[in-house]
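Listed next as structure tokens is one chain, alone, in the form predicted on its own.
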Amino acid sequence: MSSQALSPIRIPWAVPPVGDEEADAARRAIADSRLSMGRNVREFEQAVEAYTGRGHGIAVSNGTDALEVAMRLLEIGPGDEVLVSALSYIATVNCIVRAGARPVWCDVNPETLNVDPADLAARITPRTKAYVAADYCGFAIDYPPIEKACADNGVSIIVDGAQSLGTFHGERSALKVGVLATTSFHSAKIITTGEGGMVLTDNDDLAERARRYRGQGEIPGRKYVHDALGFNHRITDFQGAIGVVQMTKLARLCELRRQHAHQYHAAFAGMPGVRVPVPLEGTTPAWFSLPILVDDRDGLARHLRSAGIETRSLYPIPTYRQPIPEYRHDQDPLPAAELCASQVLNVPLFAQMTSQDVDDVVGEVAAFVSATP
């Protein structure tokens, strides 16, 4: 189908939940003339600390920077192995490779699209230093057996919580898991500052080191005197101001997304040719995205796009098959990850969408699968 034949997008995949309040907050921050690392950044950090139950939040320029800081804090480097799901965003693996460590890909549970705890435990070796966990689309990982396996073998857990702000295991935030957690405030996330990220920890020493790494390794209170190799991972103060406003809306945004997700699930239940992952009992997903699995994923994506409905595939190939020269390419195929990557399609899900939008998406999916032999 040519691009000229495509219908205008009428239901986008994601819409940032920002408006006049965020614009006004940013203008006030700019008027204060402290454009980088001012009081708004600290207020934003405190809001995220309170929401996640973490002792420290260190805001940085984006979620990938947060992961790079986490790698440095745990001194991960050459000779180390780091466990990671084969069905995850590229940044979750890139931080391992950039640190000089070796990613060890784990297969997924096809019912949840998250890492398979038994497969992960079987891949731990004496060289395993950490597991970078990513809750797929905000679906909670089955942490109890993973935490036990990691604790028994001295393996640290780092949560890549780019999709997990709003995910809970009972009353525990997904960003409360692990010695370190990170998150992202990219424009597609549940709350956004455009770009931006945060490192979260309960360890005072790690938090102090993270703050130094963020600011070129400068000693607090001693301008232009540095005792650590740091970089510029700073965030702007007007982003902090936007973040403060966004955090006041987070609970409501999560609730709206949850309502849309439940409407999707009810409509897709029992629909021939469509499978929808189900959250683990006792957990609350953030509903960063709504994945469905269909045999002709690419055909369905084309059909929806022709109807003006935007989609994504998170993720269309396992990360070990990305054609990146720095990646090692001797990984044996992981069957569940290969299957899920070939079938998964993420349909529109954002707070501002309407019940009619959901019905329209479901109707187009139903029309396609019913016509598919």
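Throughout, we count residues from 1 along the sequence that is shown. Bear in mind that the values here come from a model prediction, so they are computed numbers and not experimental data.
From this point on, the text means the form predicted together with a small molecule, which you will not see here.
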Checking K129, R72, R234, H186 against the small molecule in the predicted complex, the residue with a non-hydrogen atom inside 4.5 angstroms turns out to be H186
None of T311, T52, N40, T64 but one has a heavy atom within 4.5 Å of the small molecule in the predicted complex; the exception is T64
Exercise: A162 in contact with the small molecule in the predicted complex, heavy atom 4.5 Å: yes
When the contact criterion is heavy atoms within 4.5 Å, does S88 count as touching the small molecule in the predicted complex?
yes
Discussion item. Given that the small molecule is not shown alongside this chain, does Y320 nevertheless sit within 4.5 Å of it in the predicted complex, heavy atom to heavy atom?
Written reply: no
- Query: Should T201 be counted as a contact of the small molecule in the predicted complex, where contact means heavy atoms within 4.5 Å?
  - Reply: no
### Query
T92, G196 and Y315: each with a heavy atom within 4.5 Å of the small molecule in the predicted complex?
yes
Answer among 178 to 186, 209 to 217, 245 to 253, 114 to 122 for heavy atoms within 4.5 Å of the small molecule in the predicted complex: the stretch 178 to 186
